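One chain comes next, on its own, written out as structure tokens in the form predicted alone.
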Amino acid sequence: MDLDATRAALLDTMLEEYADRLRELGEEDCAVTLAYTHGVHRVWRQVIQMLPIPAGTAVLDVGTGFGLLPLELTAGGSLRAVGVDHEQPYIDHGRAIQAELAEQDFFASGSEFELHVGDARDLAFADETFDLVFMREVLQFIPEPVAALSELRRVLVPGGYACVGDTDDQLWITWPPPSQALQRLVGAVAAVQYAQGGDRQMGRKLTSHLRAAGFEINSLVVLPEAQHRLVAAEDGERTLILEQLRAARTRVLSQGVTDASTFDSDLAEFEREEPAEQFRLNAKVIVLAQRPEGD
């Protein structure tokens, strides 16, 4: 599956402009989420290009956010791509983005695009509905990962595939190390995730969870990303991290993992940090698993 360069550029430009509009409208949480998931999606293009997804394939993306994967798939071929997310605002904005792209003749002839609000642990689809299911950087937030993966297996046709990817904190390395202030901020956000049943070490556990849900493991890849970069005030990624931390402030304080004074002081210190060179290496674990034939 491959999206031509013209359509990829159109999608990327549209998403950047839409995130800017969300900021202007004061929808900061949606703007930050769209900017972050857009970055994640760019990395996943490598994976999508490796997968044979023929015309007529029915694809489900669980935890779709704004529907970036279904948007790209339906631009690249005549297939049905459905996205599900538990956040109604993300679904609404995804439909608005789809409408704007349709006006620019973005989608392939015969393709079908759908977005729905739903729960990954209780999908509102009949058994054996889809040929291929994606779940990208979602499982780390779900308290019952095997239950969610069992739902993926249920809605897949026998012989169908699940492509599941997630992060693992110990696959993230920087030199020099992050400042103490940033480490405390990131630690506070991670503590909230753990308190809600999440798991920041999900990557290493994907194959075990998929096997427990009844899948056969087809292939496993680690998708690395290495950079040497100058982290400065105008750096886009640094700006996004600041936006994410500000957006997480209420959630962090409500869980009592730190106090307002410490959080605000650390955030101000991080914002004042001088430009510095940084080496960074991180990786995502991606598993292609199959529902057994005749299951």
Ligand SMILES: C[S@@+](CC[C@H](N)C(=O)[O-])C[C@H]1O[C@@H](n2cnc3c(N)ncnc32)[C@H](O)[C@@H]1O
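None of the values given here were measured: they were computed from a predicted structure. In this text, residue numbers run from 1 along the sequence as written.
Omitted from view is the form predicted together with the named molecule, to which the following refers.
Highlighted residues G63, A120 and F141: every one comes within 4.5 Å of the named molecule in the model of the complex, counting any heavy atom. Stretch-level contact analysis of 230-238, 52-60, 33-41, 256-264 against the named molecule in the model of the complex, using heavy atoms and a 4.5 Å limit, identifies 33-41. Contact with the named molecule in the model of the complex, judged by any heavy atom within 4.5 Å, is made by just one of E72, D131, E137, D199: E137. Residue in contact with the named molecule in the model of the complex (any heavy atom within 4.5 Å), chosen from H86, R95, K205, R154: H86. Although the partner is absent here, Y90 sits close enough that one of its heavy atoms falls within 4.5 Å of the named molecule in the model of the complex.
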